[in-house]
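Just the one chain here, laid out as structure tokens, in the form predicted on its own.
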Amino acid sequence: MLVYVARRLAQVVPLLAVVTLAVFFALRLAPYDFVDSITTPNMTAEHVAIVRSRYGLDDPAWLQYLRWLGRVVQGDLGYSLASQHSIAADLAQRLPNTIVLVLPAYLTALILAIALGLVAAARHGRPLDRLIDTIGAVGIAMPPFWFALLLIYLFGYFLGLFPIIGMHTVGDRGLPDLLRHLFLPYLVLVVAFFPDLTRYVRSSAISQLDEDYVTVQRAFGASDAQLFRRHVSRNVLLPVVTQIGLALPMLVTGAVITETVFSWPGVGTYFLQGARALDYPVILAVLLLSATLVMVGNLLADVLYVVVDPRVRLGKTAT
């Protein structure tokens, strides 16, 4: 396993180089840059050129890329053009806020999906199955921002039960205050994550019911409850466990809309602010972090699959 992990990690480096190259030059295709976003009508062309030179945006694109890549290799993500703050420091401050929001929501959605997905598969074609499938369809069709605004109006404005913006009340850093701010965006993310996970579990369980071993077990008199408890649920949970690894990038970019609606000070809000300001270093840093987590998440999913099912060999999987 260690050899496989080392080989996969070695593959991450050139893949990240390709990703950074593609993203960097794709951003350069935009008709505007950061200087254009801060240009005022009374600024002369000479003044604009001086500002662009100060930020190094008048250099050739390939030189800007090599300069940026050289800093990244040394662990320096650079500075935000808009705030002049260290991007690494900003991410270190905001990343825990995003994890506090996204991780509990995803784990809650995963637990609910496993339970209801197995129930729906056990009642396949019956009213309970159709009800769960309908709930999932509604969740998929419902835009997260619309549901967030609905919760804000109902529980924040009309009933006044929960705060609607931020992570803390000014002057209050206690856990109860954090939980009150967390509840509404947490609920939005649970509803956003839940439908796809439920359908995944349901379809996996239904496909297991068509396997030969189920027919054999039924021929020996096994009840549906015994089949699900001893066989189907275990085989369904194997691929579900790997979803934990694949969900790793969501801890960074899985809540951009929700964080924005609730003004949650996380990575998603930070990324959107950078995109609005055409702050290239911020955009590149967040996308680089997200791409890294995608690759690490895929590796983690492979390793988890071997851990939960020793019959699988990573060496054979890799080839």
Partner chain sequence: MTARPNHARGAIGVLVFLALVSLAAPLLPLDPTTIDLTRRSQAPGPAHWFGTDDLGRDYLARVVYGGRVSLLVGALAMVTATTIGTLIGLLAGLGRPWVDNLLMRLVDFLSSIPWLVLVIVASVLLRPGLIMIVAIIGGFSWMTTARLVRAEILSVKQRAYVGYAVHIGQPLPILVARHIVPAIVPVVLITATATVSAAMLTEASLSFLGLGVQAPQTSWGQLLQTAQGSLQRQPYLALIPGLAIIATVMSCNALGNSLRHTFLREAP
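Residue numbers count along the first chain shown, from 1. Keep in mind the model is a prediction, meaning the values are calculated, not measured.
The following text describes the form predicted in complex with the partner chain, which does not appear among the structures shown.
J.: Going by a heavy atom distance of 4.5 Å, is residue 287 a contact of the partner chain in the model of the complex?
T.: Residue 287 belongs to the contact set for the partner chain.
J.: Using a 4.5 angstroms cut-off on non-hydrogen atoms, would residue 181 count as touching the partner chain in the model of the complex?
T.: No.
J.: Does the 4.5 Å heavy atom contact test between residue 51 and the partner chain in the model of the complex come out positive?
T.: Judged by the heavy-atom cut-off of 4.5 Å, residue 51 is well away from the partner chain in the model of the complex.
J.: Residue 304 versus the partner chain, in the model of the complex: is there a non-hydrogen atom within 4.5 Å?
T.: Residue-level check for residue 304: no, no contact with the partner chain.
J.: Partner absent here, but in the model of the complex, which of 95-103, 220-228, 126-134, 172-180 has residues with a heavy atom within 4.5 Å of the partner chain?
T.: Every other range fails; the passing one is 126-134.
J.: Select from the listed residues 63, 69, 275, 43 the one whose heavy atoms reach within 4.5 Å of the partner chain in the model of the complex.
T.: In short, 275.
J.: Of the options 140, 246, 111, 88, which one has a non-hydrogen atom that comes within 4.5 Å of the partner chain in the model of the complex?
T.: It is 140 that has a heavy atom within 4.5 Å of the partner.
J.: Decide yes or no: are 5, 122 and 240 jointly within 4.5 Å of the partner chain in the model of the complex, with each residue judged by its heavy atoms?
T.: Not a single listed residue reaches the partner chain in the model of the complex, so no.
J.: Just to make sure I understand: among 142-177, which residues lie within 4.5 Å of the partner chain in the model of the complex, judging by heavy atoms?
T.: Sequence-ordered list: 142, 143, 145, 146, 149, 150, 152, 153, 157.
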